[in-house]
Ligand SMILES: Cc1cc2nc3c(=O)[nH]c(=O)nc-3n(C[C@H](O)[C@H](O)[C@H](O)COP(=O)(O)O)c2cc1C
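There is one chain below, alone, in structure tokens, taken in the form predicted alone.
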Amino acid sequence: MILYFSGTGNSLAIARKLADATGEALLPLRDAAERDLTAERTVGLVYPCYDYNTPPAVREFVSRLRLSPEAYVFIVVTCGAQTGNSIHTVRRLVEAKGVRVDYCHKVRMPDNSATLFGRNPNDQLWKLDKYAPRVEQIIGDIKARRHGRHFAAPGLAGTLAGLPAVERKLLGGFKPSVLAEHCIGCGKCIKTCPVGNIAMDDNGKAAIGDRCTACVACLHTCPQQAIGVRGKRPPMEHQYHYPAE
């Protein structure tokens, strides 16, 4: 079973490649948290790195997983550059259940948060070709059930970013908001949100709830660029989604 969490499609794309290559079923991590997976003998966790750590939603879903100590468990993180503590954090959550994490690795992908800093994530599409061999390496390792904890050690940046006060500030800085004057109530953001945190208000406008995990998928999906960060509207050409999706 390959479990994934994805905002703009990077992690979903990698999860699909792994599922296709291994013959394992594919399931959103959000749904997996409600199921008993103790019969699964292979469990993969695929998710992104945000701010040098694991997205809060991923931590919450993983903490609820029911896994077998006999399972071959692996983690693959997608990231713009560094993984920080994103692998370490989930490894600890899994191993607290008495389940060993056998294999960990990362794949660099276009950074969807780049638009928040005035950069275009679509300028990073070169990463898809450059790191394709890494994906094939990971697939080979998993099919051979190899062991190896790449990028699983904790680091200073990830540890600092994971401090509650720091994390609240980081998430607050990246939390999107609806620019109501531009919203047409199409509902695309509702379908995109991986944690079900967006709904329509009484005026037919999108409203973001208090469970935002700062994936900014809604910002990249909105056809009217009606979702921004710190009140700033993203340029249409900076909106990103994994190109094969």
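In this text, residue numbers run from 1 along the sequence as written. Everything numeric in this text was worked out from a predicted model, so none of it was measured.
Form predicted together with the ligand: not shown, discussed below.
* Exercise: Pro234 in contact with the ligand in the predicted complex, heavy atom 4.5 Å -> Pro234: no, not in contact with the ligand in the predicted complex.
* To do: Considering only heavy atoms, tell me if Leu171 and the ligand come within 4.5 Å of each other in the predicted complex.
  => Within the cut-off, so yes.
* Heavy atoms within 4.5 Å of the ligand in the predicted complex: does Asn122 have any? -> Close contact is absent here: in the predicted complex, Asn122 is far from the ligand, nothing within 4.5 Å, heavy atoms only.
* **4.5 Å heavy atom contact, Ala33 to the ligand in the predicted complex** => It does not: once the ligand is placed as it appears in the predicted complex, Ala33 has no heavy atom within 4.5 Å of it.
* **Options 171-179, 146-154, 133-141, 93-101; stretch whose heavy atom lies within 4.5 Å of the ligand in the predicted complex** => So the stretch in question is 171-179.
* Go through 64-98 residue by residue and record those having a heavy atom within 4.5 Å of the ligand in the predicted complex; state none if no residue qualifies. => Result: Thr78, Cys79, Gly80, Ala81, Gln82.
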